[in-house]
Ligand code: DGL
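Below you'll find only one chain, the form predicted alone, shown as structure tokens.
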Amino acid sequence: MLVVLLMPSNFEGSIGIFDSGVGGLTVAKAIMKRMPNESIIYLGDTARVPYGTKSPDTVIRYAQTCSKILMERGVKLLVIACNTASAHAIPILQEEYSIPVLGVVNPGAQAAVDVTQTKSIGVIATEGTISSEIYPQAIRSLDPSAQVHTKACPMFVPLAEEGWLEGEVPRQIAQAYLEEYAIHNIDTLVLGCTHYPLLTNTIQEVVGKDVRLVDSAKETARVVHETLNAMDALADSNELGIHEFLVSDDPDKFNRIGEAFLGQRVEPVEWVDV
């Protein structure tokens, strides 16, 4: 069933973003940097994190619940900042709602195809995203001749959340995950999880400076900007963007960990019942 929301003629409203936890704040940060006048409502489903280990049906159900909460607050565009939810729920949510529903997979795939020279592309993500094969499908739909090499790197998530971003421990873990990419001679590596950009320095050190890292968060922000511009729905340049944060579990923990992802204080944080 298509849910049609009647928006004011000047397209007033916020950008809605949801993720299974704090990782999607890297997407929110990129959107804030590119569009400082836009208001944002971010929902972290921290009570049910991680999505990467859940079945597709469960992920879809969670995504529908989170989307409904944001839609009830009058958002003008919805961003699914979770790679796993993007892999499973985007088509269903696009059918349910009349506003644009964007994920993080297609922007990252497009950027990878645009920058690769050898057409040998690596993708690192959670187990759920890798098993869905959504990135190889997206990349090959853009360039059937591309060679896509995927690797699940589940330990990167707790490293990012604990703030272990550089040093011997994260470097050894990165080497264990990424050493096989030397065999494939990749020249482009997609960071297919919103936590992974925090580990950019360590990942770059391990794969080498000749490998181009693709940050899906930045690419998603670009697509959001282009979409709103095409709708003539960008916030006025004199507007002050308001940022709201919702969580389904402990707000204090989200605030503490989220600050590292957003690069600023995450407040106020409101608890919502999912």
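Everything numeric here is computed off the predicted structure, so don't read it as measured data. The numbering used is simple: start at 1 and walk along the sequence shown.
The protein also exists as the form predicted in complex with the ligand; that form is not presented, and the subsequent description refers to it.
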Of these, 49, 233, 213, 69, which has a heavy atom no more than 4.5 Å from the ligand in the predicted bound form? 49
In the predicted bound form, which of 112-120, 186-194, 170-178, 94-102 comes within 4.5 Å of the ligand (heavy atoms)? 186-194
Though only this chain appears here, would residue 90 touch the ligand in the predicted bound form if you measure heavy atom gaps against 4.5 Å? no
Answer yes if any heavy atom of residue 77 is within 4.5 Å of a heavy atom of the ligand in the predicted bound form; otherwise answer no. no
Partner proximity in the predicted bound form: residue 152 to the ligand, non-hydrogen atom cutoff 4.5 Å: no
If we define contact as a non-hydrogen atom of the residue within 4.5 angstroms of the partner, is residue 129 a contact of the ligand in the predicted bound form? yes
Would you give me the residues of 68-90 that have any heavy atom within 4.5 Å of the ligand in the predicted bound form, in order from first to last? 82, 83, 84
